[in-house]
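Before any questions on binding or motion, here is one chain by itself as structure tokens, the form predicted alone.
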Amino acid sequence: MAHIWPIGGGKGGTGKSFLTGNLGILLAKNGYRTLLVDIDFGTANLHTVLGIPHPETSISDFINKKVGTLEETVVTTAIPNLYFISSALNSLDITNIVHEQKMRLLRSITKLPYEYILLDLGAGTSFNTIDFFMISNSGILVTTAEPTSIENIYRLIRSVYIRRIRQELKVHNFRVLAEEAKTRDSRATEQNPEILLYIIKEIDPERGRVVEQSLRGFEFKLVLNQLRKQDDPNIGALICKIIERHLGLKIHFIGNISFDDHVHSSICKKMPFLHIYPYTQTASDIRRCYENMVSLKETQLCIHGVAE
């Protein structure tokens, strides 16, 4: 089964596509059969980060049943072991993908024959974005040191938290329990999901324990991108501590990636950053983040007694 890494962030411009592309390149160069999937349906640009011309197929070909399998939309890249599914040629209405189409796509992604599958998600906290982020328990969050970006990361995680509660309790049970919880404590709303879950556990301990156990399964990772000299290098680790303290969700800080004007240059040249600027500090930062992610994955496999 593939290791699926959804890569998201609450705000546009944080570098999700940049990180997805370069992590994919490193995985492929280290011998892993890797697939990158552009799930940013409205503003796809992962192909530009990778330096890939517009491919002839797109993920919308699968969604609209122009092809029979998702595998038929995969294109090869110039990098051995690296494959790609684009959203660059998607039809305009794909941003309004319906539930049945989304579930078909989610199921198909999990069945693809690759060692690693990285999903480049769109910004925001829509149900569709959240559901793709929750395709695995190993989502990667990308933020910058800007307060707006950090706030949006918290909103994204809070949305994931409440979405998981809804899924575990089912729609009817969630509504009943949520209404009862609010009568007991006015703060028990979706804006305060940790309080909501606490009251739900009081009302229905058995269901509450199931939800809590499910939430503990998340092992998110956080990358702080575009770190500038004046920024606090410890802010990423601090964000993880705050989220764990307030929501009880485990988030591993993977590392900082330095701001570099060469990133802009690589995108304008439509060439992968690691290929043309491999000796910069930013390239070293990306490689360090990659090493931390792979090391963490191996550690988690050992903890859970899973052999590769």
Partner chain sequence: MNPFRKQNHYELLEISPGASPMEIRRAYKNAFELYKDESIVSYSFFTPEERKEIIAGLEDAYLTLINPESRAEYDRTLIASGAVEEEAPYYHKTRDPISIYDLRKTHADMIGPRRRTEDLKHVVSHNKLIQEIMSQDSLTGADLCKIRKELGISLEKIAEETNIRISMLRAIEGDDFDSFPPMVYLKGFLKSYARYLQVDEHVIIDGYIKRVGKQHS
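A quick note: this is a predicted structure, and the numbers were derived from the prediction, not measured. Residue numbers count along the first chain shown, from 1.
The form predicted together with the partner chain is left out here; the points below concern that form.
Proximity to the partner chain in the model of the complex, taken as heavy atoms within 4.5 Å, picks out 179-187 from the listed stretches 179-187, 74-82, 126-134, 203-211. For the residues 239, 28, 44, 63, the 4.5 Å heavy atom test against the partner chain in the model of the complex is passed only by 239. Of the candidates 88, 195, 169, 105, 195 is the one whose heavy atoms come within 4.5 Å of the partner chain in the model of the complex; the others do not. Using a 4.5 Å cutoff between non-hydrogen atoms, residue 269 does not count as a contact of the partner chain in the model of the complex. Although the partner is absent here, residue 246 lies within 4.5 Å of the partner chain in the model of the complex, judged by heavy atoms. The partner chain is not drawn, but in the model of the complex it has no heavy atom within 4.5 Å of residue 97. Remark: residue 154 counts among the residues lining the partner chain in the model of the complex, judged by a heavy atom distance of 4.5 Å or less.
Relative to the partner chain in the model of the complex, residues 2, 109 and 112 are all farther than 4.5 Å at every heavy atom. Along 145-159, residues 145, 147, 150, 151, 154, 158 each place a heavy atom within 4.5 Å of the partner chain in the model of the complex.
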